[in-house]
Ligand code: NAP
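In structure tokens, the next block holds one chain alone, the form predicted alone.
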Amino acid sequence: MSEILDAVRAGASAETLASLPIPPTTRAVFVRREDEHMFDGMASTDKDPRKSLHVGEVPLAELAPDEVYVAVMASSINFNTVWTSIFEPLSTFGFLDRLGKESIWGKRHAQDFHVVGSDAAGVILRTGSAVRNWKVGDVVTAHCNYVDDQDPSSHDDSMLGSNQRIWGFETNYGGLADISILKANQLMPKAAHLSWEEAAVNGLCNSTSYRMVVSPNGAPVTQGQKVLIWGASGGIGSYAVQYVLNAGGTPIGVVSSPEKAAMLRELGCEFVIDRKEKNYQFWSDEHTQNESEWRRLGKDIRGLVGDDVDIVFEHPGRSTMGASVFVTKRGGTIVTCAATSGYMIEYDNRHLWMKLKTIKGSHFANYRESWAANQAIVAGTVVPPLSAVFDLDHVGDAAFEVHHNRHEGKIGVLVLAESEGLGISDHELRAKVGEDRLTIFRRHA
């Protein structure tokens, strides 16, 4: 592995990289099947990723014809890594076992370990015999849509595929490893003006936001439209803010502190609501929502932008869905991709049907959408919300931070990269985008 790392760092030729032997094992972050009941009976907040995530050597599986080995220079933490680490709401070994029953190649994933991670930036070390568009030595980043191209349900929109999965969450051999296994149709070019850790954090969250507010598969914002964005300083919310601004829309960002509000304004979001300062009480008790508080939120939005919002970017779920449905204007859309506060939601259906509103579900993104979202990163029109960086040995600490929402934006993880700031090859574009803009989230962390 040290030979491979030295070669990658030195920018070795494809011939040199191809001549180096692939080791039989790789250092990786993983959970163990034997631990999947270790947190049974505990409250979610008491389940500790630091106790279940292990760093060590695991066997490296054989490469399928449509796959590549990637030397991972950096990766990131997503909520799905937290879910895997606390075995909630389900143990991900069930996902791996189902994949293992699909084919000979799928069987490789059904192991007693699960290598996690759904983001990566690195260098291709080997390509399978069916890979056409990528070669050894290419510098890449990845998206996490793991799809079977033999399934007809995948060919209109691969996110509708009956066996669509998320790499590193519903598959093995994810991005938190020295060498990861990816399908060729997960690969995208790395942004040359970004460091390894800056490039690695974008794939999952950036693509998710793109589908929600840019793609026709979501609720595409158009010039002049107003968009309420919950968690606007977080991983997916901060990308949504940028896409709404790029489209000529008006984002109204909801955050939870004056510091986060200041960060969002520096990102370009003029209208910000500090929900803690406003102290909205959307629920009177566990079973009863408070419509007067929905009305107060609607009044505050109109006070800022003079109208109700056309779109709500919704992902908290239970805590906010009633308010989201209420404040959306007649004929507007609530687009949702998650339910971080609970997935058993409630809202007053009269405000939906009588005012012709739409709730639209959205889950990650297909390859075309992910590629387009990545091109916005490559061009510098969207910047990564990197707020902190950990090394691979401290992934448990990083996952703990995400589990308890003690972070903003995205947390990057150095894997093979020795230090931060490496991997930048287009300094001219970096200067054009601006160091201040690229480091907004680091400076406010």
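Computed from a predicted structure; not experimentally measured. Just count from 1 along the sequence shown to find any residue number.
Just so you know, the form predicted together with this ligand exists too; it's not on screen, but the next bit is about it.
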With a 4.5 Å heavy atom cut-off to this ligand in the predicted complex, the contacting stretch among 309 to 317, 125 to 133, 171 to 179, 349 to 357 is 309 to 317
Using a 4.5 Å cut on heavy atoms, which of 85, 233, 141, 118 is close to this ligand in the predicted complex?
233
Among 345, 304, 184, 338, which has at least one heavy atom within 4.5 Å of this ligand in the predicted complex?
338
Using heavy atoms and a 4.5 Å limit, would one call residue 256 a contact residue for this ligand in the predicted complex?
yes
Can you work out whether residue 49 and this ligand are in contact in the predicted complex, taking contact to mean some heavy atom pair no more than 4.5 Å apart?
no
Close approach of residue 32 to this ligand in the predicted complex, 4.5 Å, heavy atom:
no
When the contact criterion is heavy atoms within 4.5 Å, does residue 242 count as touching this ligand in the predicted complex?
no
Heavy atom contacts to this ligand in the predicted complex at 4.5 Å, residues of 346 to 364 in sequence order
362, 363, 364
